[in-house]
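The chain below stands alone and is given as structure tokens, in the form predicted alone.
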Amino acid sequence: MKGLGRNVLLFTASALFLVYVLAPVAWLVSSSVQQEAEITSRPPHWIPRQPTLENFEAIFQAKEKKVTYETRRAGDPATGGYIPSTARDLVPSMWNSLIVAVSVVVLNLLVAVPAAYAMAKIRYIGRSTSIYFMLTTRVIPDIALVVPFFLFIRTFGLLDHLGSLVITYLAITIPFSVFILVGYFESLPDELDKAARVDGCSRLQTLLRVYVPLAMPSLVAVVLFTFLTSWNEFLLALMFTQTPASQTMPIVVASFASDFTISFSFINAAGVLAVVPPVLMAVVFERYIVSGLTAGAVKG
């Protein structure tokens, strides 16, 4: 009887936590296929009475429609026909976000993997100090780095350029990526390294042929962390990009709420598009996430 009560309590707590986590996501998806009048109704409708794809159609057709002060003023958000003036920038901003995220992932791996292997398997003076010094850089909040980053980017003439985001995101993601990979490489036997060296492999060949295949779970965890960080980052993108040519998706979506009026259905439809790539990556690589992060967090 005591065990039954404990199981019921655990099940209830898990169900409440699941509802707490998934309710906002469910409302985002549900409201993205509702009209504005249905979204703002009391009580709210969790299940759309008349589902519509008008919000998504408006996103992909926004570039063809000319939005002026008069058309915005005449538009009635309740009808679902209102389109923010920056709506035409949403699809290009998705491509900007994808370009930045993929570039950061690739460059992050090119830097973090060799650095982590060297720190884990090559003994040199100051090795432990360099690892801890690298980790201390992640203790500093991003807001404190805005001014130094801004001066650096301005000096190199990269303001309002996607390159400014790639550089700054690498500075944010590489330390944590190296930390995860160092822990995983250290958990692998040193005998593998010695055996590969005896067989005539160089350091680079040992890394690529022996350690990279074994470190796949940890590499996937690093890729997910790097991609999600780059895709969702807002503060630095807001500071370093000023025009639609370089703005990423979080900046454009945020601009919808500061327009002439607010269309919740349109914003929610944009939010659904924003979460699709991260969710797809998480679903595809789900089995690697926990094992990769856990392996990188301990030393064995």
Partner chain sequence: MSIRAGALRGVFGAPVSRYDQASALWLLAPMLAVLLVVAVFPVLYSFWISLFDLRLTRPHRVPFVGLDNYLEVLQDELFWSSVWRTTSFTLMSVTAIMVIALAMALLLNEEFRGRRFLSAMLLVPWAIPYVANGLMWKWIYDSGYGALNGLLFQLDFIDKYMVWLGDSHKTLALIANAFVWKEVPLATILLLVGLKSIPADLYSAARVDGADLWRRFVHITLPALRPSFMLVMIYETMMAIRHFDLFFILTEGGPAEASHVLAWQVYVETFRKLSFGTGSALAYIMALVTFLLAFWLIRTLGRKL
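What we label the rigid core is the largest C-alpha set whose atoms superpose within 1.5 Å from one form to the other. Residue numbers count along the first chain shown, from 1. These numbers were taken from a predicted model, which means no experiment stands behind them.
One more form of this protein should be noted, the form predicted in complex with its partner chain, which is absent from this view; the next part is about it.
(message) By the heavy atom within 4.5 Å rule, which residue out of Val105, Leu219, Ile131, Leu162 makes contact with its partner chain in the predicted complex?
(response) Partner contact (heavy atom, 4.5 Å) among the options: Ile131.
(message) Each of Ser14, Val21 and Val146 having a non-hydrogen atom within 4.5 Å of its partner chain in the predicted complex: is that the case here?
(response) Verified in the predicted complex; spot residues all in contact, yes.
(message) Please tell me whether any heavy atom belonging to Tyr117 falls inside 4.5 Å of a heavy atom of its partner chain, as the geometry stands in the predicted complex.
(response) Looking in the predicted complex, residue contacts with its partner chain include Tyr117, since a heavy atom lies within 4.5 Å.
(request) Consider Val253 of the chain shown here, and say whether it contacts its partner chain in the predicted complex, taking contact as heavy atoms within 4.5 Å. (result) Close contact exists here: in the predicted complex, Val253 approaches its partner chain to within 4.5 Å, heavy atoms only.
(request) May I ask you to state whether Val91 is within 4.5 Å of its partner chain in the predicted complex, using heavy atom distances? (result) Contact with its partner chain, no.
(message) Although the partner isn't part of this model, could you tell me whether Ser246 comes within 4.5 Å of its partner chain in the predicted complex, counting any heavy atom of the residue?
(response) Residue-level check for Ser246: no, no contact with its partner chain.
(message) Where, within 138-164, is there a heavy atom within 4.5 Å of its partner chain in the predicted complex? Residue list please.
(response) The stretch 138-164, when checked against its partner chain in the predicted complex, contributes Arg138, Val139, Ile140, Pro141, Asp142, Ile143, Ala144, Leu145, Val146, Val147, Pro148, Phe149, Phe150, Leu151, Phe152, Arg154 at the 4.5 Å heavy-atom cut-off.
(request) Indicate whether Leu10 shows a C-alpha shift of 2 Å or more between the shown form and the other one, with the rigid core used for the fit. (result) Moves: yes, 2 Å or greater.
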